[in-house]
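This text opens with one protein chain seen in two forms, each one given by itself as structure tokens under the names structure 1 and structure 2.
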Structure 1
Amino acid sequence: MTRSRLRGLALHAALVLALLVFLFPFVWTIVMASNTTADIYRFPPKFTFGGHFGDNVRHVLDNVAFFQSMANTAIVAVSTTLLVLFFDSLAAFTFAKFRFPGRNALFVILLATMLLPAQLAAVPQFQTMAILGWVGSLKALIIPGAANAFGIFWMRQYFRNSIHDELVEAATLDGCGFFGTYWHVALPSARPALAFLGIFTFVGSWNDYMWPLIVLTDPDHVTLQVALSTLNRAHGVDYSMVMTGALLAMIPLVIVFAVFARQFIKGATEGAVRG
């Protein structure tokens, strides 16, 4: 067997091992959701699928307002994603294609904000929401997440490398103003990058737990992650029910990724190559 063939086999073995490592938490979640908590505590543990998934789903629906909290989460995630796509791409296009005094300094300050932990901004952000009277409402989740430094940086790199300055100048000569150039020239060519940023933002907003737990005081407005966390407090260590809730919460994310997978991979690949 040649050295190149051995190297190929070793690479495939490493990829298969990595795939198994990444898949194990997902498979283990399904195993726990389809068994009882007593089965999970057995030794040796049970690694096969059980027949209690329907019972666990019914227990989850009986103990939390699952569909109400899912609707709240969908409103927040979709609204936040649309706002991020608009504001981040608009700011990124400005940084990438238009020269103005202090542009580089502003961009450096923007990048520096990525170094700050989110927990550091929780207190002043909560005070701001309290002054505005938004504590307890979904606006307190949507508006603060309407733009972020990572999205602006990501889109700026894409615009710099995919849209030539000559194209912007031609659009200007044809009568397009700033917003017209952004809307008719920049956005259509940036669909893969927007798809990547959109899925990235949607997943982050859907799975966010800390900020909704702090700012949502109305039980009718809690998001799915906060609602599922009450299963622990109400039922101790009923892992089967908790894992069933987590599995149900993942279904919309899987659907979104399946629909936009091609654009997501294309955007990530082009960003990695060009960035």
Structure 2
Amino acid sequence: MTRSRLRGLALHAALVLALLVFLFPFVWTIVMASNTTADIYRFPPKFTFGGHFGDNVRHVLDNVAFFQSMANTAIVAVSTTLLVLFFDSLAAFTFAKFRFPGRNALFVILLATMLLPAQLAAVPQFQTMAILGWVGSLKALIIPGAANAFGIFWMRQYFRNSIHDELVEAATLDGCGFFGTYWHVALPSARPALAFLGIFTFVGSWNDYMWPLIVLTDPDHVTLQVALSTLNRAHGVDYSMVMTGALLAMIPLVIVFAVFARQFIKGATEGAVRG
């Protein structure tokens, strides 16, 4: 009995060690963001939180249009997420519950698109944006990402397993049209799957880097990731300030994740096994 208790203790010790390793970069970012750069340059380095966070935030705001780029990122991430949730779930519901000519062919095309790397389209896509007059505009980030194959595939799996055909038939008999059935029957039943897809999309959009770097040409109208890399490039010697910017850029994501974490983890693990 003592042996199994010992093993349990060793197990948790190892798991806690892994947890500390995973969380350490966040702690160290806060340490750097709350001290002066001189403190960080010292050897041995200062391991405690300092009182300079306010100064560092002010320096960040002096050097990049931080709030503007955070607002840009939020606009892009929120609108992309809402559009993806709507378009993907609508298409997924159609694939999952209705038969129509060409359904299988369309679905195979959908799956095939998932293998295509983004770089394959980047150059002509930039030309398209130039023709549409969207270079420098947030539309260039929102519209192309408003529906995606992964989300449709993901939601379709969910609808197939969670909604009975009889329920759809009953709703149709009750006079619910196709869209009414989607809105009143399918959507409310799909909350956990929507939560997962929503966070997944939000995080992906928040973190997108290469395309905004290419298409947002005006330095005052960039997203957070681009602003952060500019800050790093121009003021890399002032680590405290740069790490403060890095910390501020992570806060909204951590909040969103903290609120939905349980649902998200549940969705992520179920989907991996089923898919």
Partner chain sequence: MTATAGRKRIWSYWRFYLALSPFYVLFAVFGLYPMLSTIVLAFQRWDGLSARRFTGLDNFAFLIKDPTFWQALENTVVLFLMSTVPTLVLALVLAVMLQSAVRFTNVYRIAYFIPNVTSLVAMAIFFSSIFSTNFGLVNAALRSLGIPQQDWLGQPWGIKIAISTMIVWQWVGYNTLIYLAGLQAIPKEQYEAAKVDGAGAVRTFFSITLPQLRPVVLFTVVMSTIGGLQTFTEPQVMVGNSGGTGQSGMTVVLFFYRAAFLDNDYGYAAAIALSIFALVLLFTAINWRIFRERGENR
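Just so we're on the same page, rigid core means the largest C-alpha set that superposes within 1.5 Å between forms. Residue numbering: sequential along structure 1, first residue numbered 1. In this text the structure is predicted, and so the values were computed from the model without any measurement.
Worksheet item: Do you reckon the form predicted together with its partner chain is 1 or 2?
Response: It is the second structure that is the form predicted together with its partner chain.
Worksheet entry | Displaced residue check between structure 1 and structure 2: residue 215, CA, 2 Å or over, core reference | No, because once the rigid core is superposed, the C-alpha of residue 215 moves less than 2 Å between structure 1 and structure 2.
Discussion item. Does residue 13 move appreciably between structure 1 and structure 2, meaning a CA displacement of 2 Å or more on the superposed rigid core?
Written reply: Residue 13 C-alpha, core-superposed: shift of 2 Å or more.
Worksheet item: On a core-based superposition, does residue 70 travel 2 Å or more at its Cα between structure 1 and structure 2?
Response: The answer is no, as the C-alpha of residue 70 shifts between structure 1 and structure 2 by less than 2 Å after core alignment.
Worksheet item: residue 49: how big is its Cα shift between structure 1 and structure 2, in Å, with the core superposed?
Response: Value for residue 49 between structure 1 and structure 2: 5.7 Å of C-alpha shift.
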